[in-house]
Each structure stands twice: as C-alpha cells, then as structure tokens.
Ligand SMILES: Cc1cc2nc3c(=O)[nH]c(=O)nc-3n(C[C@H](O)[C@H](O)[C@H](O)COP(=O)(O)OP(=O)(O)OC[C@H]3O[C@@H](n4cnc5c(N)ncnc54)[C@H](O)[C@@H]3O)c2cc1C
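Okay, so here's just one chain, in structure tokens, the form predicted on its own.
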C-alpha cells in the first residue's frame, strides 16, 4: 500500500509526486497516456517567475514574451509592451518530461499507459486527472466549471516574436481567442461558451482581419481541450483524497492558465499529505492552506470573470478604451501574471473605473 497515489501525470500531478517523494513518502503516479505531455492541450504560455520557481534554471523556453496586444470587440487594437520579458512560451512536452525525470529521480514510481481502477492500495490520494472527471465523480467531488477550446499551429513568419495577441468579442463568446508565438509560427485558438470552437477558429481565419494574414499558412492538425473558468472547488478534499490542478479548479478564471498555480497548490497538497501521514495533521489543512495563500487572488479573478461574462460588446469596448487611456492597462503588465489580485485591485483603484461603474454594477448584479 503506497503512502500516496497520484492519479494524473501532468504538471500538477508530477509536481505533487516530486514534493512528496522528496519528503520521503512512498509515491506512485498513474498516468493513462503512454507519454507525458501528449496530447497537448494548452498554449504553453506561462510566467517566467513561475517557471523559475518550478524548475529553477533550464526551462524549455521557446519564446520570451514582453507584452500583449488586445483587440476590442469592435476591432480596435491596444498594444502593451514592457522593457523586459515577464512570460514565456514553453515546450510543454519537454517541460513535463523534465518533471517526470525529477519525480523518478526522487524515488517516485511512475506508471504510464495505465488507469487507476478505483480500488484501495493507497493511504492518501491526490487527484490530478485534469478535466476528465472520472476520479472526481468516483469520490464525490464537484466537477469544475469548464468550457471547450480548440487550437491549431500555423507555419508563418508574419508574427511578432515577443507579443501575445488576444481577441475579445463575438468570435469567442464568454471567453477570448489568442495568438501565441511558437518556434516556426504561431498557435491560434479560442474557447467559447456557445458554438463549436474549431468552427469559430476557421471562421476567424477566414473573416477576422488580423488573422487573414495567415491565409495559406501550413496548418497542424487541430487539438482540443477544456478551459476551467470557475475557480477552485468549494471542497477540494474529501476523506483521504485531495483534488489539485484542473481537477481542483486551480486555474485562473480570467485567462484559463493553470500550469503555475496548479503546480504550486499540488506541492502544498503533497506537504499536507506528508504531515497527515507522519504527524497526524488534519488532511483538510489543504483547504485552509490554499485559501490563506491564494484565496483572495481567486476571489478577485472570479469577480473579473463574472463581470466580463455579463458585459455587452459595447461595454467591453468602453472598458478597454478607458483603461488604456488612463494608463491602467499599461500599468497592469508590471504585476505578477499568476497572482493577478494586485493588478486587478490596481485597476479598481484607477480613475478610469469611475466612468465604468454603471457597466460594472450592471454586470455584477
């Protein structure tokens, strides 16, 4: 019987395994795919600070990103670029292979191409299955709120290597579309609450002017996933089972990015499991711990998501114009892209917000 069984060999699951094995627990990871990092589901965009915290040096970085260009629903572009890179596009499969190597080096047993059958064999379990929800249902967890997404890689030279582009509005209702620089081109995609994401990507490539420059570019096969938007579950622990990563809802509701916070909270879960087994600490200390560290951040990000979801396109146009004109949008790039609470609070304190009060209040209430 293993001290800790981790279901799922993604970044969160492997981070939990590394931490738990380092502390001396007997750890097994069960991953249903035959290879970690495959298939890809995300853009690969993460914070440099987060990568440094997770891997130290030697992260598999494809591009460093200094800023973003956001398109309003009416098509107006706002470009914000900092003096130095705050984010990076990583080779996601290589990143996960490095986490796998570190997990095994620390003594964890990793079994690929296998599914957890739900039987015993563990003293504690960390559910890092992503959005599959099979383990969540088995142990009575809430299913994280998520929306479908589709992406495709395009071979092109017509892109800015240090800039991410974001598209708001009717092409991606309830979320947004994106362009992320890669080695030999860009990765374009979107998530949406209505419609079929891949069809909307095709429509944008055909009709949306900024994407029409990619006409004729060689395309990869599309790949699909889900973007978790509802924030952490109300209960992230049941019995001897802790939910982390996408399975626990530890994803930024604002952008759908979950790699860094998923790894951070998974490490916390591993430490709680260790203290539960070795010192008799209550296992529900995990809920207390993540709320103390990240609870305020998630509340502010969920509020921002709620406001955006309920705004009309014309209101989004006015918000972007006001934030850009006041300098608040430019100022936001200075803050931590993982813990976005400070940036969001700064926006609330800006003079621009006073002109937006009617729209914000209508969206909230």
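Positions refer to the first chain, counted from 1. This one's a predicted model, so the numbers in the text were calculated from it and none came from an experiment.
The same protein also has a form predicted in complex with the ligand, omitted here; what follows describes it.
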Name the residue from 103, 270, 259, 192 that puts a heavy atom within 4.5 Å of the ligand in the model of the complex. 259
Given that the ligand is left out here, which of 212, 123, 137, 115 has a heavy atom within 4.5 Å of it in the model of the complex? 115
Proximity to the ligand in the model of the complex (heavy atom, within 4.5 Å), stretch among 277 to 285, 202 to 210, 231 to 239, 107 to 115: 107 to 115
Answer yes if any heavy atom of residue 151 is within 4.5 Å of a heavy atom of the ligand in the model of the complex; otherwise answer no. yes
Any of the heavy atoms of residue 197 lying within 4.5 Å of the ligand in the model of the complex? no
Within a 4.5 Å heavy atom cut-off, is residue 44 in contact with the ligand in the model of the complex? yes
Would residue 132 count as touching the ligand in the model of the complex under a 4.5 Å heavy atom rule? yes
Pick out the residues of 1 to 36 whose heavy atoms come within 4.5 Å of the ligand in the model of the complex. 7, 8, 9, 10, 11, 12, 13, 30, 31, 32, 33
